[in-house]
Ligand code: G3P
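Next up: a single chain in structure tokens, the form predicted on its own.
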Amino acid sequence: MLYLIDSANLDAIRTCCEFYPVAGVTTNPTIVSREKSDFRELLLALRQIIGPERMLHVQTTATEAEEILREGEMIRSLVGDFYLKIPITREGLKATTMCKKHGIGVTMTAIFTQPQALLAARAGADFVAPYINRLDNIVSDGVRVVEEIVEIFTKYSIPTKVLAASFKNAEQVHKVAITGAHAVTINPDLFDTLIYHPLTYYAIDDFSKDWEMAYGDKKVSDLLG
């Protein structure tokens, strides 16, 4: 399963890329608006930080297929290959087919049901992005929805990948991983949560104490240098 950063904050993205095995960055209009930055310069900075080898997902604001395609072509001319995030609508499905014909990757977003995901896949989307926590908030089961989407894609040998989004805690990420989802996109703080466990720090403290009893304040490099 791949990990992507769900943020447009340049400092946070830079830090995550330094310490974590990050496969890319996803943004949406809400995330971008929080940065209060020049959109063009923000996209260029994002691509510079993550490099050409990591994925960049940028959402369109257009609502008609032809305009969605036009925005996709403009973004591609700026940042190179990327995935255009398109909300699931009739125009969005039409735009997905058009974008794929023009060689633009597509992530169909705002997915809340299994039929939406299947239609998006058949339209040619590279990724579908079901929202986990938003489903949980309305007493639905976001993880189960992802699980069934994965099952449907597997059953029909559909190459579209599941990029699960909208997480609030590490347990949701863990459960989605068990479903066989191909990727998750999470906020920067959640990366730190995923690696935290108090017993880990207890173990590290024990290692340090035992080492100091035998070697004092000397480090491995001191003993081998």
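In this text the structure is predicted, and so the values were computed from the model without any measurement. A residue's number is simply how far along the shown sequence it sits, counting from 1.
One more form of this protein, predicted together with this ligand, exists but is not displayed; see below.
- This chain is displayed without this ligand, yet in the model of the complex the stretch 164 to 172 from 189 to 197, 164 to 172, 64 to 72, 35 to 43 comes within 4.5 Å of it by heavy atoms.
- Checking I49, A177, I158, I31 against this ligand in the model of the complex, a heavy atom within 4.5 Å turns up for just one residue: I31.
- Residue in contact with this ligand in the model of the complex (any heavy atom within 4.5 Å), chosen from K94, R76, R122, R134: R134.
- For the partner-free chain shown, just K85 of 85 to 100 comes within 4.5 angstroms of this ligand in the model of the complex, judged by any non-hydrogen atom.
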